[in-house]
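One chain comes next, on its own, written as structure tokens: the form predicted alone.
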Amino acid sequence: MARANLLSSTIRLLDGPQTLGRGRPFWTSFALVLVLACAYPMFADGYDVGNNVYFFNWVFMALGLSLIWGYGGTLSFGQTAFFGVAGYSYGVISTNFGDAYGLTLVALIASVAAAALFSAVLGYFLFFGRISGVFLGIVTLSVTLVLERFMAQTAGPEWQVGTARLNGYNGMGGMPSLTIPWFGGDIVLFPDVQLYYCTLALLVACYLGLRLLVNSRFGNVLVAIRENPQRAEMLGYDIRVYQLVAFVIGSALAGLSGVLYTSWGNYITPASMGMTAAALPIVWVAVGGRSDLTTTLIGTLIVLGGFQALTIHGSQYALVVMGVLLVLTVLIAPRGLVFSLGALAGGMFRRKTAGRE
């Protein structure tokens, strides 16, 4: 009986009102897409599989920003700061301790925890200091740029942690890939099939976990704070605690992106925390639809693919196109292009179904 109630509660939360896409048609489509994603490496070459891992790595950061900005109403430019903190932490830990016995998994957990701790300290002063709106965006962007400038000047031999050299603007390199301890020897997650399936599993788990979170009581209160923080506070909720928790979770996901990216390419540079890097997640989430996890995920993958194609075939126009895309989204579809198209398609489907009845 308890298991049945738990399953019923989980299904109810997954299909909750705070997420677009519910019911059997959506979950059938979800299962079909997941099956195709699992089968993809069987028909693609190693380069394309590794390239998709690169795309997956950034989606964690986008989902975290969706939680902070779309559901919590707090625009943060600091996601790449937590990305960099976790990435450099992974580089330092894994370089010093190696990849034997699955120690890179320990490095992953410790690095994500470092990003979460850093965000908790920063978020405490932001939210309990009642900093909000544009000022919060300015502070988070300032922290990001300060970290980028600091890491860029760590080129001298004195900037060394154990055997790990920070290498200034050139960045760290040569850190080991993630490994999973296994009978007969560790499994090294090279940036191809093994890492693809590992990253895909993490992505699905994070997506479903966030759906449960935003449709729970916590998520409902978070949305209420986004809509009217004064009213939520008058109802007895300490809005600072809810905002801080959402900020830490979203920042931890950005840290997970940083670790996976560093493991994927075996390097990280201060440029990953620069002005351009800090602005791009805003574009991904805005275009997809910041107030919904599904559209954020889809929009991020679409924009990443388009941005990479532009970078390869017309690098001088890539950032200009991203800027134009953001402006058009704000003017034409403030809730997000993918979100608006999804809502339109859902409305047409419901009208068609009602007409048949």
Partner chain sequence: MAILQTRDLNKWFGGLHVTGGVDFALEDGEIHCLIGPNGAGKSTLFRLFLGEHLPTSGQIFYQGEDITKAKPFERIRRGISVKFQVPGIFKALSVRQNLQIALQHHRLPEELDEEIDRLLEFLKLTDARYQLAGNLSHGQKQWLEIGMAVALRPRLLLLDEPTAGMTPDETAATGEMVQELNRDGVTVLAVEHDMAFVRQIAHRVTVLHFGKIFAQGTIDEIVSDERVAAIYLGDAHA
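What you see is a predicted model; the values in this text were computed from it and never measured. Residue numbers count along the first chain shown, from 1.
This protein has a second form, the form predicted in complex with its partner chain, left out of what is shown; the following refers to that one.
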{"query": "Partner-contacting position among N220, S177, S132, T154 - heavy atom within 4.5 Å of its partner chain in the predicted bound form", "finding": "N220"}
{"query": "Partner-contacting position among A120, A224, C206, A279 - heavy atom within 4.5 Å of its partner chain in the predicted bound form", "finding": "A224"}
{"query": "Heavy atom of Q18 within 4.5 Å of its partner chain in the predicted bound form", "finding": "yes"}
{"query": "Contact label in the predicted bound form: A232 to its partner chain, heavy atom within 4.5 Å", "finding": "yes"}
{"query": "Any non-hydrogen atom of S142 within 4.5 angstroms of its partner chain in the predicted bound form", "finding": "no"}
{"query": "In the predicted bound form, N228 touching its partner chain (heavy atom, 4.5 Å)", "finding": "yes"}
{"query": "Interface stretch in the predicted bound form with its partner chain - options 270-278, 212-220, 251-259, 143-151, non-hydrogen atom within 4.5 Å", "finding": "212-220"}
